[in-house]
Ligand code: FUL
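Here you get one chain, nothing else, as structure tokens; it is the form predicted alone.
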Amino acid sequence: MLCTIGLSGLPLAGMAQGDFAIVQQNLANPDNEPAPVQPVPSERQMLWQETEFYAFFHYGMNTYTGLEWGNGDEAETQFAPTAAPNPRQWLEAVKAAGMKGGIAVVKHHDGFCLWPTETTDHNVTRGGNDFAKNTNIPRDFAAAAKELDMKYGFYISPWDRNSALYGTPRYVNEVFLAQCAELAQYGTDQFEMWFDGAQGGSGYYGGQGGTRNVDNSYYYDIPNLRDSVHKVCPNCVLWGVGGEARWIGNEAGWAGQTNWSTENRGTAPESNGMYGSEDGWFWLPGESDAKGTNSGWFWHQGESPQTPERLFQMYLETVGRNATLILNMPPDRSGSLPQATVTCLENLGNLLKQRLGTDLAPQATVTVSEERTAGSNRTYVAANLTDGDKDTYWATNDGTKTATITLTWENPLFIHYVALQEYIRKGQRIKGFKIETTTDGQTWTERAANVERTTVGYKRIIPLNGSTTSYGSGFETKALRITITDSKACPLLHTISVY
């Protein structure tokens, strides 16, 4: 720390010995923190990424018509739940699966709203029975999430096949933005609003019919929408056309093994969503939306849930590849999840606990090839990798882009997975790494050789046997060595976990 002398303002000749003060001047970087590799996530994007695994609940008019995309001409009385819809049951079931939150579909393309909105008569108040007329999914979903300490948000379709105003300037302000504002009032702590990329097509349109198409890049006035939502819900990420998180590019529950959170405006997310762009100039992390059942997004008679093993594979190939996973589990006509779905989710939760629930890394002695020089209030030591604190991290000195990290246990044990997490608040850096194990501390064997060991990002889970479909018997290990072979700048990792 440097100091300067600040004069008291008296003429120099008239100053006595005590007429000066010591003014402290801080160095520009007293903690010796690495410079960020741009771009970096916003705080709301960071909180969103930490959610990792959450549910999608497609429920609405289509549940009762058997359609996936309603035309918008459905009579409101067709919405007729056989019991009171129960969002709390939805959330309790997915919480048992290890999910941290959920997003409820409250308006799909048919335009039917699952709350008593002032923007359209096409809503629950005109439903087919008392269960329907008393339905308010945003209210009940938000309340249940708060009681269960879970994150929550809403899907609201920008495309509205019912509204006579769709495709005109009036629709955006009088219907779409007004509906978003209504939903924002159900809680200021929403973590995501979900807007798909539909740009119109054929529809009922108030009885006028025909086809109406728009350019969603400007029609929905997204900059104004973002600002308006953020004023009420400061940590709410706007997905899709909202421009704060990207579609991973498929609906099959997988992301690219090489997956950057950075992207360029000129790259269509649909064609590059699984991978991102290494030199992308803005932060746009990927979200994978996938069906948890063997039918459509909405519930259909005769459907069944995917097996827990299949869902575990999806988890490894999304959350384990620097993406988030939003897994759809549709309620049936009673307004609740079927028992088969509830059982499947419980079994998935058990798999996650059994396979990824006990971290062996804190039991190891950790050594590294280099530790960054400590600052005044921050260190970058190897112990930061296993201290369970996401805000501490290990780093090398500037100019060092390769490094080795070795974890050694007192007694050999069997391991299946290694998870790495970069300190992405300072950008995504790592471009290449490899993993080796030894049983005697002398002879090393490379693992997961058939896996792309390139990017890490927020989280990368590496199956040491190279398979996301076979758990295997594990590898006997005395020591584990991770070698970072390439990085954009000095590598930063906040956590290494071993399972």
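As the structure is a prediction and not an experimental result, all values here were calculated from the model. All residue numbers refer to positions in the sequence shown, first residue = 1.
One more form of this protein should be noted, the form predicted in complex with this ligand, which is absent from this view; the next part is about it.
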| query | With the partner left out of view, is residue 176 within 4.5 angstroms of this ligand in the predicted bound form by any non-hydrogen atom? | reply | no
| query | residue 58: heavy atom within 4.5 Å of this ligand in the predicted bound form? | reply | yes
| Does this ligand come within 4.5 Å of any heavy atom of residue 297 in the predicted bound form? | yes
| message | Taking any heavy atom pair closer than or equal to 4.5 Å as contact, tell me whether residue 50 reaches this ligand in the predicted bound form. | response | no
| The single option of 446, 68, 452, 31 touching this ligand in the predicted bound form, heavy atom within 4.5 Å | 68
| field | Sole residue of 346, 278, 251, 398 within 4.5 Å of this ligand in the predicted bound form, by heavy atom | value | 251
| note | Per contact check vs this ligand in the predicted bound form (non-hydrogen atom within 4.5 angstroms), the hit among 278 to 286, 257 to 265, 302 to 310, 101 to 109 is 101 to 109
| Using a 4.5 Å cut-off on heavy atoms, what residues in 146 to 173 are near this ligand in the predicted bound form? | 155
